[in-house]
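We begin with a single chain expressed as C-alpha cells, specifically the form predicted on its own.
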C-alpha cells in the first residue's frame, strides 16, 4: 500500500482505504489532504489490529508520529469517530473503539445483510477484467496464508471491500467499509490467533459462484463464510504497545507532511 500526499497526487490502486470507500476502481485517482492521510493511516493501523481496542490515542503522540499538528490529529480522530472506529470521551480524549461481544454480534448481523446484497448485485454480472482482479486477489491471499498474519488480515478485509466496490453502489460501499472495519476491531478483541485469515478457500468458492451466475449459492456461501468468521471469536488478552512505536511504519508512508 502506498499513500502519496502531495497535492494532486493519486493513491495506489492497491490502497484499500482510498476515499474511505474500499479499493479504488482501476485507473481511479484523487487528491488527499494531510488530515485524510493521517485518518487513513490510523484506520489501517486499527484494521491491521496494530492499535488495540481501548487504546488511548493522544493527539500529541499522533502529531509526533506523523510529523503534523495536533489540530490535524484531532480532525482525523473526529472522522474516525464518525466511522465508529474511535470513541471520543469528554475530558479524557480519544480511544480505539472497544465494542462489547454483544455489540460485536450485532455488527456481524448487519454485515451479513449488507454482503448478501453485494453478492446479489454481482452474481452473473462480473466483467472479464473484474474476474481477473478477483482471481488475482484470491491468489495473493493463498500466497500469504499461514506465513504473514498482518498481510492476511489486510487482504481478507480488502476482498470484501473489493466486492462491494465492484457493485458501483457508493452508499453500499460506504456501509460495507464501516462494518468490515468494525468487524476487524471485534476480531482484534475476541478473535483466536489467525482467525482473521477469513477463509481464503471460501473466498475462492464465492468468486466461482458469482462468475457462474449462481446467485442463491453465492449468497449461501457468503452467509456461511461470515457466520464462520464470527464464530472464531474468543476472548483473550492483548499486550499493549506504545502508540509511537505502533504508528512509526504508517508515519513513514506519509513522510513529508507539513505541520
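Just so we're on the same page, rigid core means the largest C-alpha set that superposes within 1.5 Å between forms. Positions refer to the first chain, counted from 1. The shown structure was predicted, so the numbers you read here are calculated from the model rather than taken from an experiment.
Below, we turn to the form predicted in complex with a further copy of the same chain, even though it does not appear here.
a further copy of the same chain in the predicted complex is not approached by residue 151, whose heavy atoms all lie more than 4.5 angstroms from it. Within this chain, residue 93 is remote from the site of a further copy of the same chain in the predicted complex, having no heavy atom within 4.5 Å. Taking the partner from elsewhere, residue 187 is found to have every heavy atom lying beyond 4.5 Å of a further copy of the same chain in the predicted complex.
Although the partner is absent here, residue 162 sits far enough away that none of its heavy atoms falls within 4.5 Å of a further copy of the same chain in the predicted complex.
In terms of contact with a further copy of the same chain in the predicted complex, the residue from 146, 168, 128, 124 that brings a heavy atom within 4.5 Å is 168. Checking 179, 86, 134, 156 against a further copy of the same chain in the predicted complex, a heavy atom within 4.5 Å turns up for just one residue: 179. Residues of 201 to 219 placing a heavy atom within 4.5 Å of a further copy of the same chain in the predicted complex: none. Put the two forms on the same core and the Cα of residue 217 is off by less than 2 Å between the shown form and the other one. Relative to the superposed rigid core, the position of the CA of residue 59 differs between the shown form and the other one by 2 Å or more. In the core-superposed comparison between the shown form and the other one, the C-alpha atom of residue 186 has shifted by less than 2 angstroms.
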